[in-house]
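First, one chain by itself in structure tokens, the form predicted on its own.
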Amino acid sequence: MPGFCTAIIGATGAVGAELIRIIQEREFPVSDLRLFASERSQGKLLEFRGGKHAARALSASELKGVEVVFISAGGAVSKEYAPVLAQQGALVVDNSSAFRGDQSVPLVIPEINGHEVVGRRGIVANPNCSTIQLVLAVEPVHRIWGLERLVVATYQSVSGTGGRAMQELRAQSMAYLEGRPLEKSVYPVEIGFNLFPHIGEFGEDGLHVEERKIVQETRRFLRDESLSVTVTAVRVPVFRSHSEAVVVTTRKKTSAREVADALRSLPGICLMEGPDAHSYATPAFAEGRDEVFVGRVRDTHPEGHGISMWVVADNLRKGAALNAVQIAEHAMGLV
């Protein structure tokens, strides 16, 4: 199969590194790989299929001829380069929030709406990492029984912020154990042996940025702008993988057994069943794995109109890089 001239913007970041790894694992056809990084990371050598590729400076001229582009370098970079790349006919899979609210830009989880991008070129938005795992778990429930209300608490790892946050957690953890003061620069409060419900700036409605993203994107995927969605998003001292406690109230009566039956064979989901520790996943268990793990499915409504579940996924893989590569596979006719 002929390959595509492919670029990764933000190649030295946590998601960029995962993109390189997943492109290799899934044998995405690449004829020429161009890796771009910030000024401080330019020249860094990155391995790809047995060779070394130097991260280069980002410029429009360096992007000429590129057919598939993955952008994971923040909204400002996406807004500057994505429209230019789309105009030259490239598929642009954007991992920032820059285009997620644009109704003309597909927001895609391939297991749910991958058909929307088959043969597409131009910009495609990769959803928020927490939204992806949440929607994969609740969309089947909504489709079959209808959702009346959705209440979610997320427990999000520091890798969602990036490499500097992971370094800060490591340094603060060491300082805490050694009895030294904890120095912070990435987060508003200490993350070592701590947690806080603050991911992005707070708005007048009391929601912070992450909570608002989850609410808006979930409603868009479920095609119900009036759906009651309540989210409390929490940053926790975990390096990788996000966890979510999810409570759904359904319009039609259902049961934990029926929901489990519906989820058991769906692509992208691994249903955890069994006693005690076999009924749930942990962030450590999910790290490096592609599935969204759904466990502790149980009845929580006295009249049969609701269930609760525990949802865990690697935020750098299915929550970002894997979902992006799957989008490209659908768009380029590889699945």
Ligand code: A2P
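Keep in mind that what you see is a predicted model, and the values were worked out from it rather than measured. For every residue, the number given is its place in the sequence shown, counted from 1.
There is also a form predicted together with this ligand; it is not shown, and the following applies to it.
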**OP:** Tell me whether Thr218, Thr230 and Ala245, taken together, all sit within 4.5 Å of this ligand in the predicted complex, counting heavy atoms only.
**Re:** no
Original post:
Does this ligand come within 4.5 Å of any heavy atom of Ser38 in the predicted complex?
Top reply: yes
**OP:** Answer for Thr250 alone: is it within 4.5 Å of this ligand in the predicted complex, judged on heavy atom distances?
**Re:** no
**OP:** Check whether Thr154 has any heavy atom within 4.5 Å of a heavy atom of this ligand in the predicted complex, and answer yes or no.
**Re:** no
Original post:
Taking 4.5 angstroms as the cut-off for heavy atoms, does Val311 touch this ligand in the predicted complex?
Top reply: no
**OP:** Within 4.5 Å of this ligand in the predicted complex, counting heavy atoms only, one of 108-116, 125-133, 232-240, 157-165 shows up; tell me which.
**Re:** 157-165
**OP:** Quick one: from Ala137, Val93, Ala73, Val259, grab the residue that has a heavy atom within 4.5 Å of this ligand in the predicted complex.
**Re:** Ala73
Original post:
Quick one: which residues from 220-259 get a non-hydrogen atom within 4.5 Å of this ligand in the predicted complex?
Top reply: none
